[in-house]
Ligand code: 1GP
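Before any questions on how it binds or moves, here is one chain, the form predicted on its own, in structure tokens.
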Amino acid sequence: MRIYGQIQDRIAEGKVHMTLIDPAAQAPEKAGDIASEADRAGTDFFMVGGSTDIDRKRITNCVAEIKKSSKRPVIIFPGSSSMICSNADAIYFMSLLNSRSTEFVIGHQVMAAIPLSKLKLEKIPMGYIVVEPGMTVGRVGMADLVMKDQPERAVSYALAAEMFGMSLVYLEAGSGSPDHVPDQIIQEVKRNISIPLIVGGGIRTPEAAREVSSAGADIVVTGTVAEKARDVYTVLEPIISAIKHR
């Protein structure tokens, strides 16, 4: 079954957790160790990417080590057009919808289109929306941030993504954000779209994970909390349990 179909099936069963692993944050072997523990903790999918300066060799090696450690699907979460490899299962073909630069709305996508067309890698179109504070992705992506008190603006972007035919909407507070996307924004976006909603950034405790999940996120993403943990399983298992209400 294709990866997007698997995502839909998992959502039909309940909430979904994805572990984000940045190839620039650690050696490939360490990424494999994180994946092994995240798998044991109950994660459903792996996302690989985040940074903008990752070359094909580094991401390929990272994916290879993850696949040695887990049979969970691996989806590329590209920070630029250079982040393509053939050994992942899928790639988010994503547009940073609220960027002030066409480079992140359509430029990298055009640059990657021909190389991607030659790979069997599944392409999953996604609308990516950066919410205050945005952190590094907001700065690098030149995002015109959706402010915490602007749920209607977030809904407008999300509806545009759906009307463009995108398969997913991703609300991002930014890696390392002190807070997650506000509940009201999540609730309003979820109420107005019919495609799956992903929420990431600033989710580092079971309580935060439960809030985001209860507000309407179909998929909850955690990354930094696992990469910085001494014991990945001990940190992730309560978070994943909170998301899935186990």
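For clarity, every value in this text was computed on a predicted model and none was experimentally measured. In case it trips you up, residue 1 is the first one in the sequence shown, and so on.
One more form of this protein should be noted, the form predicted in complex with the named molecule, which is absent from this view; the next part is about it.
Using a 4.5 Å cut on heavy atoms, which of Q109, S175, S156, S82 is close to the named molecule in the predicted complex?
It is S175.
Hey, with the named molecule in the predicted complex, do Y4, F45 and I91 all fall inside the 4.5 Å heavy atom range?
Judged in the predicted complex, none of Y4, F45 and I91 sits within 4.5 Å of the named molecule.
Might Y128 be said to contact the named molecule in the predicted complex, defining contact as any heavy atom within 4.5 Å?
Yes, Y128 sits close enough to the named molecule in the predicted complex that at least one of its heavy atoms falls within 4.5 Å.
At 4.5 Å between heavy atoms, is G223 in contact with the named molecule in the predicted complex?
Residue-level check for G223: yes, a contact with the named molecule.
I'd like to know if G32 sits close to the named molecule in the predicted complex, meaning any non-hydrogen atom pair within 4.5 angstroms.
G32: no contact with the named molecule in the predicted complex.
Quick one: is P182 in contact with the named molecule in the predicted complex, heavy atoms, 4.5 Å cut-off?
P182: no contact with the named molecule in the predicted complex.
Which one of these stretches, 37-45, 58-66, 197-205, 23-31, sits within 4.5 Å of the named molecule in the predicted complex when only heavy atoms are counted?
Every other range fails; the passing one is 197-205.
Taking the named molecule in the predicted complex, which residues along 67-91 bring a heavy atom to within 4.5 Å of it?
Going through 67-91 in order - heavy atoms within 4.5 Å of the named molecule in the predicted complex - there is one hit, F77.
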